[in-house]
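This document starts with one chain, in the form predicted alone, laid out as structure tokens.
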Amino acid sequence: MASQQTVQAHRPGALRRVVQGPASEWIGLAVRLGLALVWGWAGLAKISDPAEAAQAVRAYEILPESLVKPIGYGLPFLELALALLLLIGLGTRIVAVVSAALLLTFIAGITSAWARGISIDCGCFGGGGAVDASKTEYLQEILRDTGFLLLAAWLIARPRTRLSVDSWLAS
């Protein structure tokens, strides 16, 4: 009986087998493409109207005015670059680290606006700026970005994915 319990304690669980097994590279592919979709969607939504993106950055009332335009105009290009790199699977771990840092920055900005009582739309997928207090969605935005952060964390921990340039270069 004791030896059977010892065997069961050392046998990996079903979840662990999936996470560490051959399926993990397919899961990584789905995670990588999912995060690429998020960054692509966010970047494309903002790139057509960079002035609006700068207004969204300004609404947080965090950055000095001298940084609002460079960040507002540059952020869509960064998001599209992250999307492209994730799509092809090049530098996956580095891109995931940058993604995580960016998402933590977004979460901190949204939390800061919420804590200071500023009523804004996050501008995460275009738009943004001041809104009526009844139209803020801080909790949903933070939870959504936390979910995206978990995707980035997966790729930081397991950057090896199927159908990636990284795998092709490593072979």
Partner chain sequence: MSEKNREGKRTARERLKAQQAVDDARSKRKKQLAVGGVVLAVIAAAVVVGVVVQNQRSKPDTPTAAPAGTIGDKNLVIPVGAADAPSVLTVYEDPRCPACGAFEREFSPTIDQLQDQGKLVVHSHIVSFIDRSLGGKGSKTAANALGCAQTAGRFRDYHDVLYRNQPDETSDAFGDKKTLLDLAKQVPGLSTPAFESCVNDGTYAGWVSAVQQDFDKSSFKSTPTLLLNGEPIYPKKGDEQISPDNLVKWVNEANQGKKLGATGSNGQSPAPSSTAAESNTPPSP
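What you are looking at is a predicted structure, and each value in this text was computed from that prediction instead of being measured. Numbering follows the first chain given and starts at 1.
Below, we turn to the form predicted together with its partner chain, even though it does not appear here.
**Student:** Would Ala36 sit within 4.5 Å of its partner chain in the model of the complex, counting heavy atoms only?
**Tutor:** Answer no; every heavy atom of Ala36 is more than 4.5 Å from its partner chain in the model of the complex.
**Student:** Going by a heavy atom distance of 4.5 Å, is Arg144 a contact of its partner chain in the model of the complex?
**Tutor:** Arg144: no contact with its partner chain in the model of the complex.
**Student:** Against its partner chain in the model of the complex, would Ala101 count as a contact residue? Criterion: heavy atoms within 4.5 Å.
**Tutor:** Because no heavy atom of Ala101 falls inside 4.5 Å of its partner chain in the model of the complex, the answer is no.
**Student:** Would you classify Leu85 as touching its partner chain in the model of the complex, given a 4.5 Å non-hydrogen atom cut-off?
**Tutor:** Within the cut-off, so yes.
**Student:** Just one of 61 to 69, 104 to 112, 24 to 32, 136 to 144 has residues with a heavy atom within 4.5 Å of its partner chain in the model of the complex, so point it out.
**Tutor:** Of the stretches listed, the one contacting the partner is 61 to 69.
**Student:** Relative to its partner chain in the model of the complex, which residues of 21 to 44 have a heavy atom no more than 4.5 Å away?
**Tutor:** Contacts from 21 to 44: none.
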